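Below, in structure tokens: the form predicted on its own, a single chain.
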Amino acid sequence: MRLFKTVHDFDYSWHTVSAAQWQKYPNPDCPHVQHVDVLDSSVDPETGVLRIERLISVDQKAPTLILRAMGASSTQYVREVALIDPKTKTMTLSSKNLTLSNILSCEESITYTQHPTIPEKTLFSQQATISAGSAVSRMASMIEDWSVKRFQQNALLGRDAFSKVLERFVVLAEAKEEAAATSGSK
């Protein structure tokens, strides 16, 4: 089993970051994410927590020889459950691969929270556990090492791509506010 963890501060409020998160895909900077489909959504009437379940189709560039040996295609599926709590200003995205999970399992958790000391910033935390199954026990360590490196590359790519989405989101929101203020003053 291998672990991956990273933290980052976004220079925008939790409300802005959590709203922009839903604009992350499709994204030319993350071409491996092919589709994102919402399977279910609900709001807990007592807590106000929004729960969204999504199916993410990902094109994994695993070596063709390995894919053929496992009888798999390059399209893999990931189940994600998002919990958004506006009261505590916490958004958690938990995901797990569905495809070939008996061979290689990846469980990821991303949390966006209001920064504890600088409220106009958002704290981003990402961690993943990657483990090769018993079917590949002889090569487990090698597969896990390769997978963690691939995950690190995709995590950095994803965070950079989201930063661009976030910047565009903020520019558009500011332009909309400015247009509304201008039309309201006439």
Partner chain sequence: MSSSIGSECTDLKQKYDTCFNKWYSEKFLKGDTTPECEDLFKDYKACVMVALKEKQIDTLLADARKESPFPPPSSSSNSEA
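Numbering follows the first chain given and starts at 1. It should be emphasised that the depicted structure is a prediction, and the values quoted were computed from it without experimental measurement.
Here the subject shifts to the form predicted in complex with its partner chain, a form of this protein not shown in this document.
Between the options Ser141, Ser42, Ser125, Gln152, the residue in contact with its partner chain in the model of the complex by a heavy atom within 4.5 angstroms is Ser42.
For Trp14, a non-hydrogen atom is located within 4.5 Å of its partner chain in the model of the complex, even though that partner is not displayed. Although the partner is absent here, Ser57 sits close enough that one of its heavy atoms falls within 4.5 Å of its partner chain in the model of the complex. Its partner chain is not drawn, but in the model of the complex it has a heavy atom within 4.5 Å of Val38. For the chain shown alone, Ser74 is not a contact residue for its partner chain in the model of the complex, no non-hydrogen atom being within 4.5 angstroms.
Remark: none of the three candidate residues (Phe10, Thr111 and Asp160) comes within 4.5 Å of its partner chain in the model of the complex, counting heavy atoms only. Residues Trp14, His15, Ser18, Ala19, Trp22, Gln23, Tyr25, Pro26 are the members of 14 to 29 with a non-hydrogen atom no more than 4.5 angstroms from its partner chain in the model of the complex.
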